[in-house]
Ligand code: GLP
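There is one chain below, alone, in C-alpha cells, taken in the form predicted alone.
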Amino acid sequence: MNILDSPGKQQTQKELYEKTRTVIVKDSSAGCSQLAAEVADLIRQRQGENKNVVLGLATGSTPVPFYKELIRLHQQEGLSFKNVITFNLDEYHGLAPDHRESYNRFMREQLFDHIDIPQENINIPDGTVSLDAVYESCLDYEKRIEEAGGIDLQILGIGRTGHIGFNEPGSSRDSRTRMITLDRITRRDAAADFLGEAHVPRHAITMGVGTILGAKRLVLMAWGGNKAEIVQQAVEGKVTDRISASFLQEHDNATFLVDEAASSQLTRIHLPWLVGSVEWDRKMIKRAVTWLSHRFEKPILRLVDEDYNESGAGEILTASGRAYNVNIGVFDLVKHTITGWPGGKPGTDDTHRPERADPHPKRVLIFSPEPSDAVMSLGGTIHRLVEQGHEVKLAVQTSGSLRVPDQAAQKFAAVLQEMAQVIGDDASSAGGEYASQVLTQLEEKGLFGDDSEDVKRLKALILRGEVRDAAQVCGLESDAVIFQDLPFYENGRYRQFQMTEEDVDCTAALLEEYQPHQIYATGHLADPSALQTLCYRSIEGALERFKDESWVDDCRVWLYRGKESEMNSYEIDMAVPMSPEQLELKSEAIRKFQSISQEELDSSGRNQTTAKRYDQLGMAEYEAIESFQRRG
C-alpha cells in the first residue's frame, strides 16, 4: 500500500472506527524508508516534467529517521533536491537561526546541510522578527506558500496535546500562520532540550490549521507508545479544536503513518473483537474481560452474559457456555499477577506466581536510562527486592547531565569555592580553582551554549550524589549503584543521539560480569530516537550476543514503563502492591533528585491509578501498585 495514495478513508471492516486513513508499520525505520522512497519518486517525476515539488516539513524527533533516509537517497542513490521548495511548520519566537535549539539550525543539521537544495528554496518562519512585525511576517509566509503553488506534501508529527505544528488546544479550523502561546505540557516536553522549563520560549510562530489543511497531501507520523492515546483520539474521536490533529479527518488525502506501539490504542488493535472475529486465546480473553469490567464498572465476577453479548465479546461464551466460567478464569489470571515477592517467594509453590521461587537469593540488575527513571517507576519494588535478600544492582545507563540546569551547577560550584576560601589550605586549593573555572565557564556560555567538560562533569556528579541518596532510601548501598555513562549520551544531545556498538559493548560487559537472574528495563515502547529507547536497544543488543549462554535462559526480563503512559490492566504480568508507608518511602526517594523538577518526577498518581483499576476488577484494595510486563 502506497502511503501517498488516496484510496479513501475507510479500507476494511477492521478500520471501521478510523475516520482518516491510518497505515501501521512495524517500526519507524520501515515507515520512514517507505515514505522517503515515495517522496523520491514524486521528486523524480516532477523533475521529468521540469516542475518543482513543494514540501512542508516538521521538526522534533519524529521526522529525524525520515530525513536520514532522504540524505541517504541523495548521497548514495543520486536523488537531487534542486527542484524542491520547502516550508517549515514553525519556529520558536526569540531564537536566532544559529541558536542550538532553533528549528532553523535543526533543519540545517538534520537535512539541508547534507543535500543539494538551493538555499533560496528553503523557507522557515522568522523567530527573530520583532513583536510589532510578527503579523506582517506571517502574512508574508502565507503569500510565499501561495506563490510557490501551495504545498504538495505536508509532513507532520503530533504532540502530546494532539497539536500539529504549534497549534495548541483551542486552535481553530481556519487559523493561519501566526504567533501562539505554547501550552505548559509542550514547554515541559521541551525542557530537556533547553536545560530546564524556565528556559523554554513561551511563544512560537506556526502555520495555522487552515494553512496545513491547504496542502494537497498530508502525512502525520507517530512513533512510540507514548503517542498511542493521542493518536487514537485524533483518528477515532470527534473533530475538535482541543486536538488540532483531529482536523485531518476532514482532509481528502491525509494519512496517519504509525508504528505498532503508536497504534496500540486503535480499536482494531486494542479491541479487535469489535471489528471482526479474533482467536480467543488466554491473553485475548483476559484483555476483553478486563475491558468489560472497566467499561461497565463491575468487578470481573459480576459480569453477566448480557455484558458480553452487548459489547461484541459474545464469541467468548461459545466455548465456555456462560459468563460465570469465563469470569472465574480471568479473575484468577489477574489475581495471580499480584505479588509482594517480585523476586519470587522461596520455599513455595510458584505455579501461579509471576516469578519463580528458585534460585534464592537472585542476582537482580535494574537498568535506569536516566538516573531518576528506575526510582520513579519501581522504587517500591527495589525496596522489596533488597528487603527480601536479593543481590540488587542499579545500573544507571547515562549521567543525566543534560537534564541538570545551570543554576544547580552554579550552586554547587559556589559552595565548593566558598569551602576552599573558608578552609584555605593546600588540600582544598584544587577544588577552589575547579569551582572558579566552572563558574567562569557557565557565565561565558550563557543560557544556551554548550557545556564545557568541567561543567558536564560537575552536573554528572550532582546527579550521582542524588541517585545514591535515592538508592539508599530504597535500601541499596552506594556500591550497589553502577554508573555506565553510555557513550551515545556523553557525545550527543537530545533529539540527536546516535547509538553505536560501543554502547552495546558497555552493556554486554556488565551483563557478562553479573549474569543476572532478573533484569528490569524500560524503553521498549518509547519514541525510537528517545534516550530510553536507545538504552533499551543496548540491552537487547547485549542479550543477543549471549543468547546461547545458559545464564540467559535462566534470566527473566521485566519491563517497566518510564515516562510513557501506565500499563493497561490486561498487559500487567506482575503487580507489586504498596502500602501507604511504602508509597511515602518511594516519594522520599524521588525527592532526593533535587536538581530535577519534582513535577516531572511524580509517579505516585500513576501507581495509585493502577491500584484503583485492580480494585475495580474485584481485587484487594491497595494504596498503589507498580506494574511490570514480562519480555518475550
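Just so it is clear, the model here is predicted, and its values are computed rather than measured. Numbers for residues come from their place in the sequence shown, where the first is 1.
One more form of this protein exists, namely the form predicted in complex with the ligand; it is left out here, but the text below deals with it.
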| Contact flag, R356 vs the ligand in the model of the complex, heavy atom cut 4.5 Å | no
| Is there a non-hydrogen atom of R464 within 4.5 angstroms of a non-hydrogen atom of the ligand in the model of the complex? | no
| message | Is it the case that H524, even though its partner is missing from this view, gets within 4.5 Å of the ligand in the model of the complex, heavy atoms only? | response | no
| request: Classify L195 as contacting or not contacting the ligand in the model of the complex by the rule of any non-hydrogen atom within 4.5 angstroms, answering yes or no. | output: no
| Can we say A40, T86 and H114 each have a non-hydrogen atom within 4.5 Å of the ligand in the model of the complex? | no
| task | Only one of P528, P405, G541, G157 comes within 4.5 Å of the ligand in the model of the complex by heavy atoms, so just point that one out. | result | G157
| request: Could you check which residue among T62, N607, S595, S569 gets a heavy atom within 4.5 Å of the ligand in the model of the complex? | output: T62
| note | Within 4.5 Å of the ligand in the model of the complex by heavy atoms, the stretch out of 497 to 505, 306 to 314, 88 to 96, 382 to 390 is 88 to 96
| Does any residue in 165 to 187 get within 4.5 Å of the ligand in the model of the complex, counting heavy atoms only, and if so which ones? | G165, F166, T186
